[in-house]
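First, one chain by itself in structure tokens, the form predicted alone.
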């Protein structure tokens, strides 16, 4: 397979993990965040520090990145206990700008020059390059998908969706809204940290501008496009928008205009996203014959 195509597929796989992690917050817990790229960056910078400066290797670097991002996400969950909706959106945007500023102005993190020389993942003495890294990334993506699917079948998954539908009603039946929100932020941000760790390992360098507000809007657009609150939707959204810059490289400067038009179109014609519960595409797929014989006489 062409090396360029493999590279594009790797980054799409990383976006898939990012979109799935944000979907936990936005789709299932109803906590809107437009600062998710901050935790993507925290994961990437954690890997950069522990590999380049501390000499740790795989999988300890990945574990550190997910843990640090998850812990920081727990702190983000604290404001979510006091603010909702529009104010939570503003809080997450502010956190994104703060985190990028810390990357930008901290000499130990390379400042504006970032951190370079991050080695590729090595397993059993073999560097995971090209197809090897592709397998690693999609292995993590599949594992994250299955873990998320299993989580949603637990009592914690029920608590998340109950809070999304009606916080007051959830609290009235004994659900701990505070702990559920905080743990949802922890899990979602840990997933973003995992994506950031893989991103840093693949790219070999990290720079502050790679984790700004634009990236947060991009991943949110992926979730909304595919269908927030569905398992498959964010995956589809990430595949479409993750590869779009490569499909439409000739209009690269207009990429974010296209994202805005996509969101506008969805708000007007398909508010639940492409794979939302009542979307046209989902209804169409349900009409496709499955090949099973009907029991009706």
Partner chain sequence: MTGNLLDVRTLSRNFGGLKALDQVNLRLERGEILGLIGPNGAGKSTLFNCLAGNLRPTAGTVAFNGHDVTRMRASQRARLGIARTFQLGKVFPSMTVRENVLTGLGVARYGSFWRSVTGLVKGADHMDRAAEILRQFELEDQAAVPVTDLPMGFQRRVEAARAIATNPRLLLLDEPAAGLTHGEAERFADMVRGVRASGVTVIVIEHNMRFAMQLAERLYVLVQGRIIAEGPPDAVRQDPGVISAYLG
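Positions refer to the first chain, counted from 1. Please read all numbers here as calculations on a predicted model, not as lab measurements.
Just so it is clear, the following notes concern the form predicted together with its partner chain, a form of the same protein that is not shown.
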I'd like to know whether residue 144 contacts its partner chain in the model of the complex, with contact meaning heavy atoms within 4.5 angstroms. no
Residue contact check: residue 135 to its partner chain in the model of the complex, 4.5 Å heavy atom: no
Just to confirm, residue 172 within 4.5 Å of its partner chain in the model of the complex by heavy atoms? yes
Taking heavy atoms only, is residue 153 within 4.5 angstroms of its partner chain in the model of the complex? yes
In the model of the complex, do 158, 164 and 183 all put a heavy atom within 4.5 Å of its partner chain? yes
Tell me, out of 176, 104, 122, 205, which residue has a non-hydrogen atom within 4.5 angstroms of its partner chain in the model of the complex. 176
Identify, from the list 88, 100, 128, 187, the residue with a heavy atom within 4.5 Å of its partner chain in the model of the complex. 187
Name the stretch: of 193 to 201, 68 to 76, 164 to 172, 208 to 216, exactly one has residues whose heavy atoms fall within 4.5 Å of its partner chain in the model of the complex. 164 to 172
In the model of the complex: members of 123 to 139 within 4.5 Å of its partner chain, any heavy atom: none
